[in-house]
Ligand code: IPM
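Below, in structure tokens: the form predicted on its own, a single chain.
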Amino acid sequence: MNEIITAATEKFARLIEEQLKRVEKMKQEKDFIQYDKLDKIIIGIVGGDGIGPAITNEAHRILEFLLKEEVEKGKVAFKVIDGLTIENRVKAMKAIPDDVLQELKECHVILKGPTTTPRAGDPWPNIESANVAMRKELDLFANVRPVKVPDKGIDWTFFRENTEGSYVLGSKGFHVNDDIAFDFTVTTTEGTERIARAAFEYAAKNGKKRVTVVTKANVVKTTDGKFLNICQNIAKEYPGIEVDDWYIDIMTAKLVDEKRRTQFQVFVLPNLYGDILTDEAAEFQGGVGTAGSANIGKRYAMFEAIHGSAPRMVEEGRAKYADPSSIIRAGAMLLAHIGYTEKAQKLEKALDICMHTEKKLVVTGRDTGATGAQFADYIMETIQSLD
């Protein structure tokens, strides 16, 4: 018994050492990058796995179309990165192979397709999620997901903490013996302060009057309690913004409460709860296949579809019929982030017309609907009609 406890204690001590080093690194962070000061903005295009390359290619075509003049003038360049596949990752036995990570770090912003995360029963070994690894390696601490459904009075923006919580040590839990297994949740002062401030800054700059903190602090008292307390302290710096807090279980219910849900505006929440709640929220907008996601850090930013890699569609020869809406919407978020607000608004408007107003083409995921390429062409034609 003593040997088992000693071995487990040593493993836990190593995890604490890693996290203390991460905290010190956060304390040395510099200011956010200023894209308007760069001679050239490099946009990385990462296809990923499964349907990822198919849908990402369509978003890439649209971005090239919208940024044609900027590319010709040398203000913007695209860098295609093909190596973030499950096969390459397994070969290197790393969530992100070293050469791919180096390529990613040569970019300023990244548009990324879905990647496969092995799970129990899969034929792949238990390597860490590429998404989680990228967020840690590039310190993409804020996962920002907007959900807007005007006819239902829904206009939500979620600020999900991206580098801590239940996911930061997701592959480093351990079996103490055959009877007991441990995983870990991590909350730091620096990590929580920066996501809270990002949410309140967004609210202040965009005329939002309410920020909602979502935790399970009544049960997960230490880590969730710390997250809630820090958010409440940051709120004191923004006296014009109301702050309230909800527990994750009742919050999932209130999103479907037609009277209550229209009162919410900006959410800030730990990693796991953010993952759950934003998928639920995306259903109001048409499903996870329609929602984009931003992962923001001070030096890098990554924009992605929030759905999975759908390997079954590839196996069944249906990849070309996959819906690219989610990653195209992520492309609009990327444009806005690097300062091309007008182009981002045009793309968003074209998406709304193509998906909700005209609907001349419908993507069904099968040959009963349009291909991703046909839908992307439809969007570009619609953009031209807006000029």
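From 1 onward, residues are counted along the sequence shown. Keep in mind that this is a model prediction, so the values were computed, not measured.
One more form of this protein, predicted in complex with 3-isopropylmalic acid (IPM), exists but is not displayed; see below.
Discussion item. Looking at heavy atoms inside 4.5 Å, which stretch does 3-isopropylmalic acid (IPM) contact in the model of the complex, given the options 182-190, 77-85, 131-139, 95-103?
Written reply: After filtering at 4.5 Å, what remains is 131-139.
Discussion item. Whether residue 223 contacts 3-isopropylmalic acid (IPM) in the model of the complex should be assessed with a 4.5 Å heavy atom distance threshold; does it?
Written reply: Flag for residue 223 set to no.
Fill in: Partner contact for residue 166 in the model of the complex: 3-isopropylmalic acid (IPM), 4.5 angstroms, heavy atom
Outside the cut-off, so no.
Discussion item. Taking 3-isopropylmalic acid (IPM) as it sits in the model of the complex, is residue 275 in contact with it (heavy atom to heavy atom, 4.5 Å or less)?
Written reply: It does: once 3-isopropylmalic acid (IPM) is placed as it appears in the model of the complex, residue 275 has a heavy atom within 4.5 Å of it.
Worksheet item: Can you check whether residue 117 is within 4.5 Å of 3-isopropylmalic acid (IPM) in the model of the complex, heavy atom basis?
Response: Residue 117: yes, in contact with 3-isopropylmalic acid (IPM) in the model of the complex.
Worksheet item: For the spot marked by 60, 329 and 348, is every residue within 4.5 Å of 3-isopropylmalic acid (IPM) in the model of the complex through some heavy atom?
Response: No, the candidate spot makes no contact with 3-isopropylmalic acid (IPM).
Worksheet item: If you look in the model of the complex, which residues in 143-157 sit within 4.5 Å of 3-isopropylmalic acid (IPM) (heavy atoms)?
Response: Counting only heavy atoms within 4.5 Å of 3-isopropylmalic acid (IPM) in the model of the complex, the single contacting residue of 143-157 is 145.
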